[in-house]
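Only one chain comes next, encoded as structure tokens, the form predicted alone.
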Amino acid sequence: MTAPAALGFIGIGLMGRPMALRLLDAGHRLTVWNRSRDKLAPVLARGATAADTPAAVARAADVVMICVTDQRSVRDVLFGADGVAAGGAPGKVVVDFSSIAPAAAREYAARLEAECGMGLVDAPVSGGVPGAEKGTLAIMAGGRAEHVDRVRPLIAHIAQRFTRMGDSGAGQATKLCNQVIVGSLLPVLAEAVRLAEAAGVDAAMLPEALRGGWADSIPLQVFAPRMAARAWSPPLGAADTMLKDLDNALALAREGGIELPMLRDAAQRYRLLSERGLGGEDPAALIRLLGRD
């Protein structure tokens, strides 16, 4: 059994909360910070200690985990006033579960090491809120092998798979590949549900009818029922979050000089949701772009 460790967790949101709770349940000491302090209540009730700043988290913990919404938030948490770098020290490691651009992950890793000697593992996750709650996430890691190996026993509490894909930025690049698949599949699922409805078929039965066949997938089983019922609360994510990831994937494709037309078309569907004021909705809201609302 892994000995209890002094950990920090920054970002107690939709994904961060269940991840932090699993670490507490495993017996680890957890110092936490969140921009909106009221969101700390569930983890404080389970024994976490609140810090006033990210720097204070870094001073209290040997491993600092971050799960925030976007690249700017990661940068602010690491390098803003009273950020992690201000409280960091050699021998400590940051694990960033956020989804950001691979180039930013490389930049932040180099800067963090230069400013305070801390290592950085970029470790975006796949599996959504259900995976975070059950500890079955798939996590793709980038960074030095020694840093990844050091945090591996801790990650075992929150993920069923933790794969080092290469040096800094490789985890983020792999997550973008994941998002190309999932983000492109969800608009197709919405079209399949809408086609079933138009044909007089009970769309809610699609997941069971297709289970075990080549069309089966976790997104089919999770999102098709939500689409058929026009019910997606509580949300499993946000369309704008997916759009952010798909835009990062398109930028990476441009850097590599390649065209990804399916990805471009999928991103446009999420952009339409955002333009209609639905960017904060669960991605199942894609069905609303196809009529019969």
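Model, not experiment: these values are computed from the prediction. For every residue, the number given is its place in the sequence shown, counted from 1.
The next section is about a form of this same protein that is not shown, the form predicted in complex with another copy of the chain.
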Practice prompt. Answer with one of Pro219, Gly135, Gly80, Pro153: the residue that has a non-hydrogen atom within 4.5 Å of another copy of the chain in the predicted complex.
Written response: Pro219
Item to complete: Sort through Leu30, Ala249, Val57, Met227 and report the residue having a heavy atom within 4.5 Å of another copy of the chain in the predicted complex.
Response: Ala249
Worksheet item: Using 4.5 Å between non-hydrogen atoms, is Ser73 touching another copy of the chain in the predicted complex?
Response: no
Discussion item. Since only the chain is shown here, I'm wondering whether Leu185 would be in contact with another copy of the chain in the predicted complex (any heavy atom pair within 4.5 Å).
Written reply: yes
Worksheet item: Would Leu290 show up as a contact with another copy of the chain in the predicted complex if we use heavy atoms at 4.5 Å?
Response: yes
Discussion item. Whether Arg17 contacts another copy of the chain in the predicted complex should be assessed with a 4.5 Å heavy atom distance threshold; does it?
Written reply: no
Item to complete: Report the stretch among 251-259, 43-51, 22-30, 57-65 that approaches another copy of the chain in the predicted complex to within 4.5 Å, counting heavy atoms only.
Response: 251-259
Worksheet item: Are all three of Asp38, Val93 and Ala238 close to another copy of the chain in the predicted complex, meaning a heavy atom of each within 4.5 Å?
Response: no
Item to complete: Any residue of 201-224 with a heavy atom within 4.5 Å of another copy of the chain in the predicted complex counts; write them all down in order.
Response: Val201, Asp202, Met205, Leu206, Glu208, Ala209, Leu210, Arg211, Gly212, Gly213, Trp214, Ala215, Asp216, Ser217, Ile218, Pro219, Leu220, Val222, Phe223
